[in-house]
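A single chain comes next, written as C-alpha cells; it is the form predicted alone.
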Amino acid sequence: MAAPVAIHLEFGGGAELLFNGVKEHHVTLPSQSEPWDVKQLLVWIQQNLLKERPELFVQGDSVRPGILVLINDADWELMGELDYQLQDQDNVVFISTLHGG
C-alpha cells in the first residue's frame, strides 16, 4: 500500500483561471494500492480541483498541448511524463502558453 503523498501544485500563465483563480494548492493525495503517478494526478485534479472548462486543461489522459509541466523545476519530459511516480513534497507546476491575441 502506497502512503499518502503531500505535494505542492502551482498553476500559472492563465491556467489558474480554471481553478477559481487560485495559483497554489498544497494537497495530500490519499493512500492507494500503487504509487501515485502524474497520469493519476491529472485525474485527481480533474475530480477535486478543476472548476471549469476541463477541455482547456486536459486532452485524453494528458494535459492539453500548450501547457508546460514542470516537476521540481525540471521539464516533465525529462522525468517520464505521465509515468513519473510522485514523491512526498514534490512541486508540480502547470503553465499555460495558450493566450488570446
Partner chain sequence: MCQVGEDDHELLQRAEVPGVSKKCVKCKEATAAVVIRAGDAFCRGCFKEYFIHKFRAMLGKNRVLFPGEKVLLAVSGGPSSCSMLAQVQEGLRQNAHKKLRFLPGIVFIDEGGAVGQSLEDRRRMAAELQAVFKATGFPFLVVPLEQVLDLPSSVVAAAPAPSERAAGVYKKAVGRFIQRDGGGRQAPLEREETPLADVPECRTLLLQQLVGSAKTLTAREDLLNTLRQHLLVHTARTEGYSKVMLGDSCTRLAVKLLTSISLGRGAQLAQDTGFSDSRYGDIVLVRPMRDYSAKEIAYYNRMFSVPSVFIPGLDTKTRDKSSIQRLTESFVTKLQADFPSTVSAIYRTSEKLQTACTSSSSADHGDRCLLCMCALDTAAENASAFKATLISEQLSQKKPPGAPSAAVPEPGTAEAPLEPESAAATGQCCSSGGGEDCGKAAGGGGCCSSAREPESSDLRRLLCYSCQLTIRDMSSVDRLPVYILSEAQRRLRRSQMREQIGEFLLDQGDEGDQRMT
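Computed from a predicted structure; not experimentally measured. Positions refer to the first chain, counted from 1.
The discussion below concerns the form predicted together with the partner chain, not included here.
Taking the partner from elsewhere, E10 is found to have a heavy atom lying within 4.5 Å of the partner chain in the predicted complex. Shown alone here, G60 lies farther than 4.5 Å from the partner chain in the predicted complex, counting heavy atoms only. Proximity of L86 to the partner chain in the predicted complex falls outside the 4.5 Å heavy atom cutoff. Using a 4.5 angstroms threshold between heavy atoms, D75 counts as touching the partner chain in the predicted complex. Taking L56, L29, L42, L49 one by one, only a single residue has any non-hydrogen atom within 4.5 Å of the partner chain in the predicted complex, and it is L56. Heavy atoms closer than or equal to 4.5 Å to the partner chain in the predicted complex belong, across 14-47, to the residues G14, E16, L17, L18, ordered by sequence position.
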